[in-house]
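This document starts with one chain, in the form predicted on its own, laid out as structure tokens.
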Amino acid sequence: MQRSLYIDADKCTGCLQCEMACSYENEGVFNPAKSRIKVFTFHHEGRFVPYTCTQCDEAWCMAACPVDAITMNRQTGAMEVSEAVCVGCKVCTIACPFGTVNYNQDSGKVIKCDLCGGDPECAKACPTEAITYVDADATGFDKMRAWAAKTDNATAAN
């Protein structure tokens, strides 16, 4: 069963625990700037939205890589960057329509979410469950439920 990160921005408090857990897991430091997940702050609205790689089925980053440094992990479904193969050209960063592939100044290579090998630290660290790791086929279920709750069934029945 494929799993994926499910993000419910309504539950995010902007605590940045996801960023801290990610940076520690991947870089060995508590530094949100080195995280593969980011929390975007909408200051005027007082809202926070976590975002990271969505592991696209048609991964433009993977298709754009001239040295085939990005490959799909068949077990997790994550598009992973091989640091040994990556030449740091940054073409994938341009190809990603969501801006979730980033250049790491320290290594001279690109970094992106790899789902922590199937056990994402961001989801484990999130105290409000704004980020969860769920069955990939169920990620739209809550949105469908919310839409169904808004629907006026009484009118439809008449």
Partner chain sequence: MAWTKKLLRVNLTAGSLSEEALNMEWAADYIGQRGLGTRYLVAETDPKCEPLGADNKLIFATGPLTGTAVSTGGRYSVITKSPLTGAVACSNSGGFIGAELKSAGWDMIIFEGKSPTPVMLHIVNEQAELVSADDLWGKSVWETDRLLHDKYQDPQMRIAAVGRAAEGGCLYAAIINDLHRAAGRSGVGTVMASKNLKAVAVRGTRGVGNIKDAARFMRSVAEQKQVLADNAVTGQGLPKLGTQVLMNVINEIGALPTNNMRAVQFDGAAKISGEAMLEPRASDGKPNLTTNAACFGCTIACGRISTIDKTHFSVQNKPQYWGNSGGLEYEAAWAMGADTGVDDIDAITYTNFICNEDGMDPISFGATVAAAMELFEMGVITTKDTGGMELKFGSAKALTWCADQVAAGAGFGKVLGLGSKRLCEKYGHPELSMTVKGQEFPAYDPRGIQGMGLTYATSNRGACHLRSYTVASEVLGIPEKTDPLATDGKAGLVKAFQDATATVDSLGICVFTTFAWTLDNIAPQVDAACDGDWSVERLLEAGERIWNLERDYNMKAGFTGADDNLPPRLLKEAANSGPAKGKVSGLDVMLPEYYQLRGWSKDGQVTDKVRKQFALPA
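These numbers were taken from a predicted model, which means no experiment stands behind them. Residue numbers count along the first chain shown, from 1.
The following text describes the form predicted in complex with the partner chain, which does not appear among the structures shown.
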| item | value |
| --- | --- |
| Proximity of residue 48 to the partner chain in the predicted complex, heavy atoms at 4.5 Å | yes |
| Residue contact check: residue 31 to the partner chain in the predicted complex, 4.5 Å heavy atom | yes |
| is_contact(residue 125, the partner chain) in the predicted complex, heavy atom dist at most 4.5 Å | yes |
| Partner proximity in the predicted complex: residue 38 to the partner chain, non-hydrogen atom cutoff 4.5 Å | yes |
| Check all three, 54, 59 and 90, heavy atom within 4.5 Å of the partner chain in the predicted complex | no |
| Per-stretch contact check against the partner chain in the predicted complex, the hit in 22-30, 60-68, 92-100, 108-116 (non-hydrogen atom, 4.5 angstroms) | 22-30 |
| Residues within 4.5 Å of the partner chain in the predicted complex, restricted to 5-23 and counted by heavy atom | 13, 14, 15, 16, 17, 20 |
